[in-house]
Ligand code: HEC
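One chain is shown next in structure tokens, namely the form predicted alone.
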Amino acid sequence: MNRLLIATVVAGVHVALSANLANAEDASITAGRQLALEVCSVCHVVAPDQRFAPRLDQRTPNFEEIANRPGMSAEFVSHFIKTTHWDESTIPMTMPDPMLTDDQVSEVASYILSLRKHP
């Protein structure tokens, strides 16, 4: 009887923790989407329903394309966002430093990866 009670309590705690983690992940994705719309949409298509098109003359990858590149990970996306870089194919354009906090970078990365198509 005590084992059944303990197993039931442990299972309940596991379900509650899983729900909290899912809610935290959803909140992070939502925050990342909002931040990306405010900061990144000047150069990128962040979401199909974004209010304004990017203002660049040259094409930049949209967030869904970025998310679906082979080997894409949260670490890679985060590093890419934080690193000002030069793309020789788009000279003289560089990706500027968006000056986001680590938490904001993580949220934007979570949003980008949420756009990954699952086969």
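This is a predicted model, so every value here is computed, not measured. Sequential numbering from 1, following the sequence displayed.
This protein has a second form, the form predicted together with ligand HEC, left out of what is shown; the following refers to that one.
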Using a 4.5 Å heavy atom cut-off, state whether Thr60 contacts ligand HEC in the predicted bound form.
yes
Taking ligand HEC as it sits in the predicted bound form, is Lys82 in contact with it (heavy atom to heavy atom, 4.5 Å or less)?
no
Can any non-hydrogen atom of Thr94 be found within 4.5 angstroms of ligand HEC in the predicted bound form?
yes
With the cut-off set at 4.5 Å between non-hydrogen atoms, does His44 touch ligand HEC in the predicted bound form?
yes
Checked 26 to 40 against ligand HEC in the predicted bound form; residues with a heavy atom within 4.5 Å, sequence order, are Val39, Cys40
